[in-house]
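Below sits a lone chain in structure tokens, taken as the form predicted alone.
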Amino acid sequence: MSDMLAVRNAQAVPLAHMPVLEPEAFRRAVLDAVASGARIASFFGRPLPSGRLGVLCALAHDHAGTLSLLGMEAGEEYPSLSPDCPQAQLFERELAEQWGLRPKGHPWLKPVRFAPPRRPGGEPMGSGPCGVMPFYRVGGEEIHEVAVGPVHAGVIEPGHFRFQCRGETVKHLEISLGYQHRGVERALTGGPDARTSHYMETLAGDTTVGHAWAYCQALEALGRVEAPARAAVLRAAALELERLANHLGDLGALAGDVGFLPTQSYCGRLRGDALNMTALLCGNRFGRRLLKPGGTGCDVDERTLDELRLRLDALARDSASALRLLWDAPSVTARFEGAGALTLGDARALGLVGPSVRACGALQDVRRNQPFGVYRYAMIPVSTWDTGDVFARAHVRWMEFQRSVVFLRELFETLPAGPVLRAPGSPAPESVVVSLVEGWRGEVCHAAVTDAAGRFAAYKVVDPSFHNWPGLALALRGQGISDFPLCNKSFNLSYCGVDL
């Protein structure tokens, strides 16, 4: 820890205070921290005036409730962390693809998104069209390969899944994304500006509030302002409504994947009810234009609060009825139990976040470990299960739904009076801030580095899906390939949230 800068969630600090280590010392410091229970929240590169590449790593210490920052200046290569720290592997592949920085000794170095390099004059890492790269092959008799996607049936984002099977049993799954890369992080450089809030709200369409809050929190830290208490409560209400809508949608989809149509049908309607409550709050079903740096862009009156209370009671009552059908059906629980199981050790090694890691028994939730906004004063119990399978991931969602309902009732009863917006100052120059929010899918991490003029010299977004895609691949090992839709839905990861 002495080689790192300890900070709190959303605390802006001068960039000069962050230790910058030589590559081997950097590697050793990160490995020691991870071995002590920390996990990598963000790990990214940025060009330096010297022409070298600066690498910044943010580690989350959940038990201590702190983050630590450290940097590295590297030339063309550095000793890879991945052989000893699997949760670093995707970050290191991204560094190599974006900036040409090669992690020497990386066990499986290849493109993540097939995007052009961001380093001037850099050579593209991929040699062909998007998705064309070496895939791991399993050899032997009766081994065959199944390729799914990138174009899928139905309205699904594009992604390629390459299964190595023996009979019906999956021996290995490799997942390739990058088919809808938008270059958002590149576009954020030089901001904030008039388009920045739009970018944040559309990073992952189903996590509008989570990403918008992480951005607002980062900008408020850089601008030395805190959102008013009333705005903090409204933000929490929107975040929990986003959680309700998506958890209901996932539970309904899981029911549909095992052919249990009553719950599927009910949840489709109920998800709409939750989205409509967000629309009542701010005029948009996904919460767009609700959050602004410094507070919120709208307020509610007593009449609206009364309507929200009535709708919340109805949503809780109808959801309990719909989900009782599912939990009481042995044919459903028999399909959920034991499918796609992960151990807590594997989940921690891969750096999983959100319901996926809590379903393995981890007490890991940003609202509890790195509290922000109104969560610094009100605690929601962390929902966990210990089997790590589809049942656990579904059950954790249902427990979180119920606890969010209780919390929302408290918020609606305790909404303080006062303003909802306090304009932040100009972003502090030559500073760095890491902002964490517990979205419905897990930890949302935004990291901003400002230049001498207070503009974004680098802005890095880590959607929870970035951490969790390798977990889905590992969960399929030893499963029947027909379980893939069920396991996939139990994680329900974002494709566009990774293709930034």
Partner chain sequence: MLKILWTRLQQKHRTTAYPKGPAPELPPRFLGRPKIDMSRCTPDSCRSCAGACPHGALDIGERVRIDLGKCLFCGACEAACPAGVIEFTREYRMAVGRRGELEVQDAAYRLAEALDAKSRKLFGHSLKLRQVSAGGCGACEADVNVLNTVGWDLGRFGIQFVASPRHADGLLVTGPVTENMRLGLLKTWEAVPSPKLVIAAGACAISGGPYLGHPEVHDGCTRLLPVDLFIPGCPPHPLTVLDGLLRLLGRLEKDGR
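Residue numbers count along the first chain shown, from 1. Because the structure is a prediction, the values reported are computed rather than measured.
The next section is about a form of this same protein that is not shown, the form predicted in complex with its partner chain.
Enquirer: Hey, with its partner chain in the predicted complex, do 155, 182 and 265 all fall inside the 4.5 Å heavy atom range?
Expert: Checking in the predicted complex: 155, 182 and 265 are all within 4.5 Å of its partner chain.
Enquirer: I need the one stretch from 161 to 169, 195 to 203, 79 to 87, 420 to 428 whose residues put non-hydrogen atoms within 4.5 angstroms of its partner chain in the predicted complex.
Expert: The contacting stretch here is 195 to 203.
Enquirer: So which of 285, 368, 395, 102 reaches within 4.5 angstroms of its partner chain in the predicted complex, heavy atom to heavy atom?
Expert: Here the answer is residue option 285.
Enquirer: To verify the annotation, which of these, 137, 144, 409, 186, has a non-hydrogen atom within 4.5 Å of its partner chain in the predicted complex?
Expert: Looking at the other structure, the residue within range turns out to be 186.
Enquirer: Answer for residue 414 alone: is it within 4.5 Å of its partner chain in the predicted complex, judged on heavy atom distances?
Expert: It does not: once its partner chain is placed as it appears in the predicted complex, residue 414 has no heavy atom within 4.5 Å of it.
Enquirer: Does its partner chain get within 4.5 angstroms of any non-hydrogen atom of residue 114 in the predicted complex?
Expert: Contact check for residue 114: yes, within 4.5 Å of its partner chain in the predicted complex.
Enquirer: Is residue 321 a contact residue for its partner chain in the predicted complex, using a 4.5 Å heavy atom cut-off?
Expert: Yes, contact at 4.5 Å.
Enquirer: Can residue 271 be called a contact residue for its partner chain in the predicted complex at 4.5 Å between heavy atoms?
Expert: Yes, contact at 4.5 Å.
Enquirer: Within 4.5 Å of its partner chain in the predicted complex, counting any non-hydrogen atom, which residues from 322 to 346 show up?
Expert: The stretch touches the partner through 322, 325, 328.
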